[in-house]
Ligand code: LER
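Next up: just one chain, as C-alpha cells, the form predicted alone.
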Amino acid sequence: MIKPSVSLSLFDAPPGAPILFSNNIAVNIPLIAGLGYQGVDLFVQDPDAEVSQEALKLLNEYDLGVGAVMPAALAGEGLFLADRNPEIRREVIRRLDGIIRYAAEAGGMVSLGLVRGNNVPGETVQETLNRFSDTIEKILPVSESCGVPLMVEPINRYEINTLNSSIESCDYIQESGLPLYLMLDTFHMNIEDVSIHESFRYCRDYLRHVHFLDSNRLAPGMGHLDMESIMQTLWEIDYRGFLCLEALPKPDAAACARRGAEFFQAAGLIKRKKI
C-alpha cells in the first residue's frame, strides 16, 4: 500500500533545506497526522537527544510511521562515507551506528545521500565509490543485525558529483553486490534521468522509498511535472511504500503540506480528512 508522508527535522533545519516541517514536534506531529499523512522521514542530528526519543513517542501516539531516517546532518558537519581521510570515515561509521539503531527503534530505513561524499580532483569516480563501498561493508553488520535497510539516494549534479542518476545508482548496487536499496526522488530524477517513468521501471526491484515532489521541490501540483502519470507508473510497478514530501516549506510548511494532501486525497491515499 502506498502511504503519503512528509519530511520532519528534529532540529532547526538549515535555510534552503528541503525539510517541510522543522523542530516544534509537539505542534508539527499532530498537524501532520491531522492532514491525513501516514508517516514522516526524520532528519536526526543526535539519536540520543531527548527530542529524538520524544519524537518516537509522539509518532506512536499519532499512529505515524517512519519511512527513512536521514543522516544529512553528518554531511553538514563534513563527515562523508567516501572521504579520503580514514579518521573521518571511522567517525562516520561511529555516528551511523547510533542512527541505524535509532532507525530500528523507529521502524525505518536509513538513506545515504549527501553523506556519501564527493569525488575530489586527482582521483577517479571509481576510487571514490570503492571507498564508499568499503565503508558500507563496515556498517553492514549493525544494519543487518538491526534489520535496517540502507538506501542509496541519487542526487543531482548540482549538489553532489557521485551517483546522480537513478540508473547509474541501480547499476552501482548491482555491480557492487552489496545488499543496498534505492530511494528515488522525483525532483532529482527530473534533472538527471532521461525518463522518470522508465527509471522507476528499471529500478523497481531495488526501490524501497520515494520522495514525491514536483519540478520546483514543492508539493505535487505546484510545479510542472505530470505527477498523476508518475503516480500511475508507481501503481504499475506495484510500488508499496511511502511517498514523502521532502519539500521546501513554501509558501509555508502548512500550506505546502495541504497542497500535497489535496493531491493525495484526489489519488485516494488520504480519506475523510480536513485539509
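As the structure is a computational prediction, the values presented were derived from the model and not from experiment. Numbers for residues come from their place in the sequence shown, where the first is 1.
In what follows, reference is made to the form predicted together with the ligand, a form of this protein that is not presented.
### is_contact(Asp214, the ligand) in the predicted bound form, heavy atom dist at most 4.5 Å
No, Asp214 sits far enough from the ligand in the predicted bound form that none of its heavy atoms falls within 4.5 Å.
### Query
Just to confirm, Arg116 within 4.5 Å of the ligand in the predicted bound form by heavy atoms?
Residue-level check for Arg116: no, no contact with the ligand.
### the ligand contact at Glu159 in the predicted bound form, heavy atom, 4.5 Å
Yes, Glu159 is a contact residue.
### Query
Can Val142 be called a contact residue for the ligand in the predicted bound form at 4.5 Å between heavy atoms?
No, Val142 sits far enough from the ligand in the predicted bound form that none of its heavy atoms falls within 4.5 Å.
### Query
For the chain shown here without its partner, which stretch in 198 to 206, 184 to 192, 120 to 128, 133 to 141 has non-hydrogen atoms within 4.5 angstroms of the ligand in the predicted bound form?
Selected range: 184 to 192.
### Task
Could you spot which one of Ile155, Leu150, Leu74, Ile173 gets a heavy atom to within 4.5 Å of the ligand in the predicted bound form?
Contact check passes for Ile155.
### Task
Could you list the residues in 36 to 73 that come within 4.5 Å of the ligand in the predicted bound form, counting only heavy atoms and keeping sequence order?
Residue within 4.5 Å: Met70 only.
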